[in-house]
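One chain follows as structure tokens, the form predicted alone.
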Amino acid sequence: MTLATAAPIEAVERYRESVEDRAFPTVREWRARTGRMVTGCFPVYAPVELAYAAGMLPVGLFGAGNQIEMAHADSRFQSFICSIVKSTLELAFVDRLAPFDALMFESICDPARNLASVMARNFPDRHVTYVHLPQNMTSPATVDYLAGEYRRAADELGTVSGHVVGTEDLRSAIGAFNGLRARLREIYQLRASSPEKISTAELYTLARLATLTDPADSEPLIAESIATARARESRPKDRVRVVLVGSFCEQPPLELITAIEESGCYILDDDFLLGWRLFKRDIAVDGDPFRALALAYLDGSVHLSTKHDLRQPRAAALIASARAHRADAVIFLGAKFCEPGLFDYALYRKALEQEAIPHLFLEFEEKMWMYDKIRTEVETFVESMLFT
């Protein structure tokens, strides 16, 4: 039995098109149903718990994909800026961000920093919150600094929504996202242990849905999907087991993910949509929740190209992931013009060669329509692994 003939996952079938729809139908439905406000969260990690505690729905903003033509944003940014920055701005120019009352950005790279300023200048009626994440992870002052930064951001969002964020509000929000992240960890563990039961395209659809919906709605949907996938009796195929990195911010088209899988790969781990599943364990809900959130970012988050933590070299974390998942190879799938990702590739490549782990470099951009070239590259790579 193959996945094509296995029992379909209902939530995947129902939301496959919605998660790619930049009219944000699920967000509009939630807003109409609840009458509450929405905050758009630019990747990689926006503290979504703060928006939720302010009574708002935090929604992932991952650019426009290949759904709109660039007519305005090109004149605001240089030609060498990554697609997600320009297409997110374009979404605002063509009024696709109408359901969003506030936007949240953080200090992940220079283009993201500039996007926050350009967005605020061009659309002054929509509030922009900018979170300055720490660059020094070992200073004794870092936790207090980041907790203070979170308090400032929470105050700003509370002013927009009209709901002042209190301690219990934030604890409740952390609890809600703890539950969602636990489900996401569970479905990732299922794919890693039994990749024949759930494809990465299916997993990605569910994880993307989590960035567009209330955790109270998405957590049970993912739980049901896990149960359906576990019940499948799919047989493993003769495929290369890979860990995929490089797509932590700008997201590859879903068709590209499918093409990589269909070219003969089982993807066992990836860094897609990392902000919504950044933490390795639940965040404490006792004590000061702002400090708990700050501690989780500093000491309890996964390795990330935009978090410079010398205590855990990112290349070492990638090697550890490849070993833990018993991967045959690593695929680097990087967004064009993504400086943090491309800088890391040099470190990854050196470490992978030292460990004699085969790897493949691929590059993508949002407005891709043809995948034949990448499919051929992956098929050639897979055949070289299987037959030599």
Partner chain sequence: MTETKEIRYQGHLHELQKQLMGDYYAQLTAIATGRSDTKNAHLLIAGNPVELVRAFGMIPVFPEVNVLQLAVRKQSLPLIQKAEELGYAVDNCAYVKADVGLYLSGYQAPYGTIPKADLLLCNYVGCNVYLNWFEHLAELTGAPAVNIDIPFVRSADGEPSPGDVDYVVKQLEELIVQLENITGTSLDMPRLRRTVENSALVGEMWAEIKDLTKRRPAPYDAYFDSVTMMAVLYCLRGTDEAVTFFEAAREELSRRAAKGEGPLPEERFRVVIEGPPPWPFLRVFRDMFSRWGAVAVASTYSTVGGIWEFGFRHDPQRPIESIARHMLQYNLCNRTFLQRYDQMARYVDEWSADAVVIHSVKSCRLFSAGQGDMREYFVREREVPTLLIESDLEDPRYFSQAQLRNRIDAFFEALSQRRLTAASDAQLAAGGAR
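Only a predicted model underlies this, so the values are computations on that prediction, with no experimental measurement involved. Positions refer to the first chain, counted from 1.
Only in words, not in the display: the form predicted in complex with its partner chain, which the text now covers.
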{"query": "Its partner chain in the predicted bound form: contacting segment from 344 to 352, 35 to 43, 56 to 64, 321 to 329, heavy atom within 4.5 Å", "finding": "344 to 352"}
{"query": "Complete contact of R16, R31 and E255 with its partner chain in the predicted bound form (any heavy atom, 4.5 Å)", "finding": "no"}
{"query": "Single option in K197, R76, H303, R291 placed near its partner chain in the predicted bound form, where near means a heavy atom within 4.5 Å", "finding": "R76"}
{"query": "Option touching its partner chain, based on a heavy atom within 4.5 Å in the predicted bound form, out of V243, A102, L170, I108", "finding": "I108"}
{"query": "R152: touches its partner chain in the predicted bound form, heavy atom cutoff 4.5 angstroms", "finding": "yes"}
{"query": "A182 within 4.5 Å of its partner chain in the predicted bound form, heavy atoms", "finding": "no"}
{"query": "Its partner chain contact at Y188 in the predicted bound form, heavy atom, 4.5 Å", "finding": "no"}
{"query": "Touches its partner chain in the predicted bound form: N114 (any heavy atom, 4.5 Å)", "finding": "yes"}
